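Okay, here we've got a single chain as structure tokens, the form predicted alone, with questions on binding and movement later.
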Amino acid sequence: MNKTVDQFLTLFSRSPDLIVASPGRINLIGEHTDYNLGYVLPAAIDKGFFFAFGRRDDLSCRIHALDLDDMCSFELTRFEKSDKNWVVLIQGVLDQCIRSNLMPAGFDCVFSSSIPIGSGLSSSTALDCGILKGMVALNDWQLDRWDLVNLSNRANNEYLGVQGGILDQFAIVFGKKDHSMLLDCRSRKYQYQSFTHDEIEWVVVDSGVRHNHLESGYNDRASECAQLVELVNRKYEEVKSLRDLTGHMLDDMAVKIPGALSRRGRFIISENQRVLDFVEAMKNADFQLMGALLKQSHLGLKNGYEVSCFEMDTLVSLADSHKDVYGARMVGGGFGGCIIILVKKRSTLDLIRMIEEKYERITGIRPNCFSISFGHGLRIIDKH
């Protein structure tokens, strides 16, 4: 945080009015279920973005990405979509504010991050949620947490064209230290799940393979799920999303449903159940069952939903080969990014050393491995 504030002072010759922290998120289990209105189990993590904001008296924006050593500037009254990914993310949420009749004042901003961009820890949503939180505070808008979730989600869907659900926004905005959250994406009801145990640790490994949801297969999967709903709905009118789908329905309509769509549907059905089973296993501190569910989830993502890749499968295989690992799986939209590992705490360093050595030998990529804990959600740290 201090380097962000120092850079703000250097660039703009004044102290910031506001400091915002926006965490990354991890989804323990429940992948691709959010836009199918199912269950997810995310948590905010102890790594993320820091933003220093200063309000301006005009409609100009000057924003410096400290880690990228890059700067952009534009006018809020009219701006063209940037060719820089990080700028487009910011423009998207500002555009959504304006479309929602929330006209922000101009601002100066410096931000920095401790999570790798494009790694599957929702760095993009952490960025736009941090900007959004800054706009709310600088302009004294009366918005609740669900308003922030909705604005960020619409910015992703409409400005960026990524057809995702509310998982990332919810986890970042509603995060609570030492807790994960069971969210029903259809009803939007949620429960905090306390989970702190000295015996285990969560380890994240960044594969070094970058993904972009617009260029990967993410939107293709959302489209396939919509196609499956349309097909099943012709006979079962109660099916409005894959949340309503059952294995019986797929069996009954097998001759009318292409194999790929059937695999997508069966994965979503089983993944929703895994989320509920995982929560019960957490309550009972049943690490063996938690690990088994992680392994099942990854196999489903690999073979049923088909969003994994060689590097991710290699990392999961390496992790599962360690005697003190309960289970591992890929996280995020897929086609690269990170895996999460549940491991006995006493073996964390040994596990990391093994993965670093063997993964680099196999792929030529040096992985970034680190432990995480469940941290605070989106918040204002300081306001002058």
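So that there is no doubt, residue numbering starts at 1 and follows the sequence shown. Nothing here was measured: the structure is a model prediction, and the numbers come from that model.
Separately, the form predicted in complex with a small molecule exists; it is not shown, and the next lines address it.
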Contact with the small molecule in the predicted bound form for residue 326, defined as at least one heavy atom pair within 4.5 Å: yes or no? no
Contact between residue 218 and the small molecule in the predicted bound form at 4.5 Å, heavy atoms? yes
4.5 angstroms heavy atom contact with the small molecule in the predicted bound form for residue 167: yes
May I ask you to check whether residue 337 falls inside a 4.5 Å heavy atom distance of the small molecule in the predicted bound form? no
Non-hydrogen atoms within 4.5 angstroms of the small molecule in the predicted bound form: do 179, 374 and 377 all have one? no
With a 4.5 Å heavy atom cut-off to the small molecule in the predicted bound form, the contacting stretch among 354 to 362, 49 to 57, 62 to 70, 32 to 40 is 32 to 40
